[in-house]
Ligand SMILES: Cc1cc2nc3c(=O)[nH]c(=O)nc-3n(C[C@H](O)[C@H](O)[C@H](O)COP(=O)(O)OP(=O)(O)OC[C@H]3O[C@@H](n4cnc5c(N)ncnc54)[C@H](O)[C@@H]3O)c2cc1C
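A single chain, nothing else alongside it, follows as structure tokens in the form predicted alone.
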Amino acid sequence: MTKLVDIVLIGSGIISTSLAILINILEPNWIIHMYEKLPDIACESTNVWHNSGTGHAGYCELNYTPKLSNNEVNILNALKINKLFNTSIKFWSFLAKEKILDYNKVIYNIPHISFVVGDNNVNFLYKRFNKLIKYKPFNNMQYSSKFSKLNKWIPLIMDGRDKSQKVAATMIEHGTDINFSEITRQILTFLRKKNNFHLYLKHTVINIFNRNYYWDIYIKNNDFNYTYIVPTKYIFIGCGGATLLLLQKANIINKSDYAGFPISSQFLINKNNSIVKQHWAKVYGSVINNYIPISVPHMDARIINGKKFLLFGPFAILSTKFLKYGSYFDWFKSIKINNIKLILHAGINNIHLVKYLLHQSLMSKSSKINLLKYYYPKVNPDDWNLIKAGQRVQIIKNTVNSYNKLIFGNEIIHSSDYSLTAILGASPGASTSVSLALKLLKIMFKNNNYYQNNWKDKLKLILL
């Protein structure tokens, strides 16, 4: 039998990688295996072209601060996300000091701006601003409804705009554009130099069995088409939408309690240097429909491999894949007799979302350009091309009283003895990856007190 591994990580994205480097720092002698079915690392949601690169800190994302029924603004989620993101920044700064990460090649300073049009939206933004500036992370936020000021912040967005429009914006200068895939690559480059860390590309986990005191993982070598077994004490499943399928195979979740709702996306991209250089901000707008939190459009300056680009989107697309490089049969494989009722109820109770996704999927490029004109009045359609972005799987969860809980976030799932953990769901995973990894450590090693007795004090020093 293969030697018992301390922990197996399934998937090579930023959350698996964050967990790997934390465990290596805390327990340098542990044997860590990471399995990735694709020929390279970070090819799915973590990939630089598959996300907006926003360091989500609650500065500009209006869906983190919803309007309440009494017209007040709830800022609690923005404060929470900011705290989680700052944990990531502290840890990445530590890795930079340890020469594990080249901070200047992965994290760039860029203003985060919220921009709105219309009386109601302007009033909402002003209330949001007045609430947030009372808290330290938001003390430097600026607000303006003056065309002259906004023209300095976002010249492309203001150029050619009707001056009779009621507009406003908030701006924080210390926002970030982040290359999450390069963070992942640099960390894994460091770990692969360690004798006790092993990364296996083109290896697919096909099944997981609980052997009471350890787990057997059945792994297929895709190059040579043979299957072998790896025994391990602990498992983390972090392979995006495919996580649901593995949890079902391992009998970790009740098949009547969870299902998946896959959503693909596209961005419009501009590579015209004369246009790109005029926009240096991440500009988020208001939610198109209050009940669809995935519909927040944004116009993002990006730095990718040292070059500047301009992206607008995302545009949602219906898909049956659970991963961009997955199979069109993924969603059908996840449907079991037990969860059909759950899926049907979720569809009926979220019919507005289904209609929205159908509408977005049928939008032509010209229709998407017309939406961009709301932000960029003088847009030249010839400067923009559509690119396929990442694939997300939203969680459909059975609740006590209903079958309609569609979750726009992520959730940690674990076995009864906590030795297997997994993350279901999507945003804002990459920005909060370090906090998620720390939470996974607390859960996974709950029974043997590793965290409380051996790791807690060391982590405090790292995250000062």
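For clarity, every value in this text was computed on a predicted model and none was experimentally measured. Numbering starts at 1 and runs along the sequence shown.
There is also a form predicted in complex with this ligand; it is not shown, and the following applies to it.
The contact residue chosen from N179, S265, S88, T170 relative to this ligand in the predicted bound form is S265, the criterion being a non-hydrogen atom within 4.5 angstroms. None of T204, N350, S319, S144 but one reaches within 4.5 angstroms of this ligand in the predicted bound form through a heavy atom, and that residue is T204.
The candidate spot formed by I10, S52 and C239 is fully in contact with this ligand in the predicted bound form: every one of the three has a heavy atom within 4.5 Å. Comparing 328-336, 190-198, 71-79, 384-392 against this ligand in the predicted bound form, the single stretch with non-hydrogen atoms within 4.5 angstroms of it is 384-392.
In the predicted bound form, G429 approaches this ligand with a heavy atom inside 4.5 Å. Taking non-hydrogen atoms only, L38 approaches this ligand to within 4.5 angstroms in the predicted bound form. At the 4.5 Å threshold, heavy atoms of I15 reach this ligand in the predicted bound form.
The shortest heavy atom separation between L323 and this ligand in the predicted bound form is within 4.5 Å.
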